[in-house]
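In structure tokens, the next block holds one chain alone, the form predicted alone.
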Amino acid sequence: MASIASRRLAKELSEIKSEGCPVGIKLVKADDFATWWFTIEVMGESLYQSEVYTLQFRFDAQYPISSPAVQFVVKDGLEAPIHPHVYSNGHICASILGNEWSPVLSVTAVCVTLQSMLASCKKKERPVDNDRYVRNAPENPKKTQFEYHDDSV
């Protein structure tokens, strides 16, 4: 992996280990600079209260210029939350992971944003095109050209 990505990920991991993660977010696995796993739990009253979900981050050599591939883990008994921006295969339609990605964002900032997305949800439902998308989705969610048009859920 490119040295800029390795240096950045080493810095982020060091900060996580020394300062910890924000409330409701836990680092599960970060054995290398290719794939990290976190759990997120929405704190306080919400439709997702007491539910814990696992996120997988995959990094390429262009990180942090390029966003990580982020998705909810849906295997070994783990499921994606039922949410209007989360497909049943774990892919997430969120502008922060696409056209609004910025190299100043960190892995924990993405976790907090997704935690907030869940906390503010008004109705548990899948995206309207869930079945079609999942049937044809690429393995890597970054290869999908999502349309971002609804921040109200």
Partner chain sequence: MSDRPPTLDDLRVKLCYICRDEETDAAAPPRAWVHPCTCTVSPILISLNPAYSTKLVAHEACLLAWVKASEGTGREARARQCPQCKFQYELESKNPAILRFLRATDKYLSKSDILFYFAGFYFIVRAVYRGHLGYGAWALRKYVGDEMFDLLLTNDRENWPLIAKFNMCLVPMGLVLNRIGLPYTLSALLATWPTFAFQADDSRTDSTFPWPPSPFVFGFVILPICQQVYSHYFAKFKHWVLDTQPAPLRPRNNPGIRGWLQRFLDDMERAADARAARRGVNAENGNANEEGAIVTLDLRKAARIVGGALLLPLIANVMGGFLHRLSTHVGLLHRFLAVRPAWKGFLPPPPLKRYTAKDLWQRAAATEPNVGRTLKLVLRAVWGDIRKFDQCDPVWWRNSVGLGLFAVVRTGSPARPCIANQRCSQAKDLLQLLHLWLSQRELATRRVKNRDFSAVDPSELDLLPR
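Numbering follows the first chain given and starts at 1. Owing to the predicted nature of the structure, the values given are computational and were not obtained by experimental measurement.
What comes next is about the form predicted together with its partner chain, which does not appear here.
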Exercise. Answer with one of 105, 30, 94, 47: the residue that has a non-hydrogen atom within 4.5 Å of its partner chain in the model of the complex.
Key: 105
Quiz item: Of these, 52, 34, 65, 43, which has a heavy atom no more than 4.5 Å from its partner chain in the model of the complex?
Solution: 65
Self-check item: Exercise: residue 125 in contact with its partner chain in the model of the complex, heavy atom 4.5 Å
Solution: no
Quiz prompt | Interface membership of residue 120, its partner chain in the model of the complex, 4.5 Å heavy atom rule | solution = no
Quiz item: At the 4.5 Å heavy atom threshold, is residue 139 in contact with its partner chain in the model of the complex?
Solution: no
Quiz item: Do residue 129 and its partner chain share at least one heavy atom pair within 4.5 Å in the model of the complex?
Solution: no
Quiz item: For the chain shown here without its partner, which stretch in 106 to 114, 81 to 89, 35 to 43, 53 to 61 has non-hydrogen atoms within 4.5 angstroms of its partner chain in the model of the complex?
Solution: 106 to 114
Exercise. Could you list the residues in 3 to 23 that come within 4.5 Å of its partner chain in the model of the complex, counting only heavy atoms and keeping sequence order?
Key: 4, 7, 8, 11, 12, 15, 19, 22
